[in-house]
Each structure stands twice: as structure tokens, then as C-alpha cells.
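Form predicted on its own, single chain, as C-alpha cells, below.
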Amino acid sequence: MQKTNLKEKELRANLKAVVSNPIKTTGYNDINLKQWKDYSDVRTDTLWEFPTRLKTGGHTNEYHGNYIPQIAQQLYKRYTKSHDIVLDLFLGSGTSAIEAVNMDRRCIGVELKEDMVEHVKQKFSPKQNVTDVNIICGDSTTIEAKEKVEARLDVMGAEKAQLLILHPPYDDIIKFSDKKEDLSNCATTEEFYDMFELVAKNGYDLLENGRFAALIIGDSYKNSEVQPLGFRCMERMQRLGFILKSIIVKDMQGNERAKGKTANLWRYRALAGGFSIFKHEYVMIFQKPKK
């Protein structure tokens, strides 16, 4: 009887602790699910429309081809916690790193171009370039780049990253450099897929179990037919073991520059060629299995 009473008291105490605890999270973000109605700024739909690109908080529109900061904000709120490490294997002009600092996250970025690496480093203080942001000049398809990321993770006190960002070139639409390692210089679209898969494999290995990855990509039009880059890259990631969680369609209003003068020409080409003008890109969300 005494043991039964002790068990009942213990159960009641545990229940009281649960009821009185105002915090309930998924474990991979800071969202308190007991107050879920307070997070109206966090998108949970599959159509994202952002009329303009955010140009505050250190962000500029200096580099053609970078993704808009609002995407990073949504991804970080939904899939990371304070002080988590974001790994971006196509860092570019540093959108992922800038927003990581703004939102009390950390970032490791890999960028192929030496001049871009030095340019992005200048956006942060010397201390931030050690404690909050680590930028590696390297080829994300290689084992060498993977080992460099592992070394930076060790310095930052972590074994794996908590969020993976993949924003590759959209095949050869924009040439980012003259380097043969650059995915925008692939001889064929099939080669582009193969090289992307090498990068995604490194990302998979460097990502913590149970955590998320985001693929930001659009399609292309080549040889009079659509090249479904988004879905082909999605298939490559699934082949590696990633679980597809969401396919988000994002309008491209915030990305385009200097399209106004050529809009009529593209409309003529569309009418003449039987195709449609791209006004969207994808944000595809994946999860690495927990085990």
C-alpha cells in the first residue's frame, strides 16, 4: 500500500510538472508549440510570395543569383534553434551567413571563388569571422572541402551542422566563374546533376541526424524544352537518403533585376516558341533520417 501511494504521488508530481511547464518544442527549433498561435510570421504554406528583396540588416542586391534573405529567415525560424550551425555549400555573397548572425545562429560556408570569399569576410568583424562565421574557399564536391568543414565544426564545438542550405547555380543560366569546378560550367545538364549529387552527399554526411536541409533552385529552358532542375536534384537527394518534407513554390519577384526592359522580348519568345516564362522557383525541404 505504501509503495502504491508513493507511485501515485510521483505520478502526480510528474503530471503537475508537465502541466506547469509553459514550453513545448519540437527539439529542432525554438517555437513554443503551446503558444503556436503567436507565430503568424512563420510560413507553413507551400506558396511563398515576397514582393521585394530585403535590403536591411547587412543585405544588399549586389550579387546576381543570390537567394533573398526572407527565405533564410523562414528556414531558420522553422528548422533551427539559437546558436545552431547552418552549413551552406554554395555560399555566394553570404546571405546564409549574414542572416545567421542577425538571428543568433552560426554559419559555415563553402565558396569556390577566392575573391568572393574575401569579399564576404569583410562583411563581418574579426571576432565574428572566428566565433560566428567560418568561410571556406573550396570545391564543395570534394572530400577536401568536407574535411575542412569537419575541422571548422570541431573548432565551433560541434560534430555536425544543424541545417543544410543548397542553392546551386541553375545549370548554365548564369556563369559565375571560369573555373571548371563551377557547376555553372558543366558541359551537359546530366553532368550538372552528377556534380550536384556530390555536393549533396557531402552535405548529408555533415548534417546531424534528424535535422533538415533546404534546396533552393529553379528550372531552366534549353534546346526548346524545359529542364526540370528542381525535380531532378530532388531525386538525387532522395537517392542519398534524404526524406522529402515539403515542396514550396516561391515567386521570383524579389530575385529579378533589370527584367523590365526585356519583358516584352521574353513574351514574344514565349508566344513564338510555345513555352511559358518562369515566374517561380522551388524551396524543397528535406530531413535526414533520425537514425
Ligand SMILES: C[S@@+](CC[C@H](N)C(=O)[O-])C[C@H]1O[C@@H](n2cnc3c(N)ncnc32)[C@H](O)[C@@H]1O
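Residue numbers run from 1 along the displayed sequence. For clarity, every value in this text was computed on a predicted model and none was experimentally measured.
Here the subject shifts to the form predicted in complex with the ligand, a form of this protein not shown in this document.
In the model of the complex, residue 183 touching the ligand (heavy atom, 4.5 Å): Yes, contact at 4.5 Å.
Can you check whether residue 29 is within 4.5 Å of the ligand in the model of the complex, heavy atom basis? The answer is no: residue 29 has no heavy atom within 4.5 Å of the ligand.
Find out whether any non-hydrogen atom of residue 94 is located within 4.5 angstroms of the ligand in the model of the complex, and reply yes or no. Yes, residue 94 lies within 4.5 Å of the ligand in the model of the complex.
Residue 89 within 4.5 Å of the ligand in the model of the complex, heavy atoms: Result yes; residue 89 sits at the interface with the ligand in the model of the complex.
Within 4.5 angstroms, counting heavy atoms, which one of the listed stretches 76 to 84, 161 to 169, 205 to 213, 99 to 107 is next to the ligand in the model of the complex? Going by heavy atoms within 4.5 Å, the stretch is 161 to 169.
Check each residue of 131 to 163 against the ligand in the model of the complex and list those with a heavy atom within 4.5 Å, in sequence order. Contacts from 131 to 163: 138, 139, 140, 141.
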